[in-house]
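Here we start with a single chain on its own, the form predicted alone, put down as structure tokens.
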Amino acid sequence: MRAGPVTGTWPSTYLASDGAAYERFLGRWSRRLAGHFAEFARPADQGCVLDVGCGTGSLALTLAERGAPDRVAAIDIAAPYVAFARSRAAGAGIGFAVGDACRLPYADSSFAAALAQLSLNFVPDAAQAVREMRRVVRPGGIVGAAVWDFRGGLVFQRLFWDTAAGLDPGAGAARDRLFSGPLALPDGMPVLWRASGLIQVERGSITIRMEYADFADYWEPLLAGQGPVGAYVEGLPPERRQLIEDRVRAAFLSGAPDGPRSLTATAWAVRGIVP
């Protein structure tokens, strides 16, 4: 299954077919980001919180750990990811649902906060999604989001795409679409938040570290067919895939023996208040 479409600055679909594969590819790192994002967003201690584009549940699980699970709802268009999130023992009590961020199936002013982590730049109409988040949040509540700083702060993807782009013009075109997404730029989300009528808009950046045991721990999750990287790798002929793997391995090793690597990953974050 392909879950999408997505924005015009991104590939036409986000490949979202396997929750367990996504968890190894990115979910393990989005969980690490979630705690910092929740601290930045500062949702109220009372009232329900909605996780928009919840994926495999990283942010929803983090929010549930900070309060009662029945105060957390979560929605994503990718049914395989929602199924995986529901299967997690820690997810019991969280209201996971399959649905569209641009048409949220919730009543007006029903949440104290609506947060979107690493999802908003894959929504067909991000402005509509933010308007929907604002609609379902009560006055005085928080609307927040975080997206990777693809261009300047996501080492694991730059390592892959810059290396592949030197070997394949198709990789260069895919990289350019990914890294030029407006919401991944410093002022992209604040501009959208203000245009959506949110007030007291704050922007921040959050940096985590992605700890890889070795090259296999870095490379093998890229082969599982999730997201733009997975879609690109899945479409390569075997000889081109092997060439790119060899060159990416050389970049990962950088002249040192194979083994642990710690790569930085930075996300832009924004929060605003519903007037």
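Note that this is a predicted model, so its numbers are computed, not measured. Numbers for residues come from their place in the sequence shown, where the first is 1.
Just so it is clear, the following notes concern the form predicted in complex with a small molecule, a form of the same protein that is not shown.
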* the small molecule contact in the predicted complex: D100, any heavy atom under 4.5 Å -> yes
* Any chance C54 has a heavy atom within 4.5 Å of the small molecule in the predicted complex? -> yes
* Asked: Might A267 be said to contact the small molecule in the predicted complex, defining contact as any heavy atom within 4.5 Å?
  -> no
* With heavy atoms only and a cut-off of 4.5 Å, decide whether A16 touches the small molecule in the predicted complex. => yes
* **Contact residue in the predicted complex, from A78, V130, M189, V137 (heavy atom within 4.5 Å of the small molecule)** => A78
* Structure fact -> In this chain shown alone, the residue from A164, I142, L118, L154 with a heavy atom within 4.5 Å of the small molecule in the predicted complex is L118
* To do: Given that the partner is absent here, state which listed stretch (164-172, 201-209, 181-189, 110-118) has heavy atoms within 4.5 Å of the small molecule in the predicted complex.
  => 110-118
* Site test, L26, S58 and F122 vs the small molecule in the predicted complex, non-hydrogen atom cutoff 4.5 Å -> yes
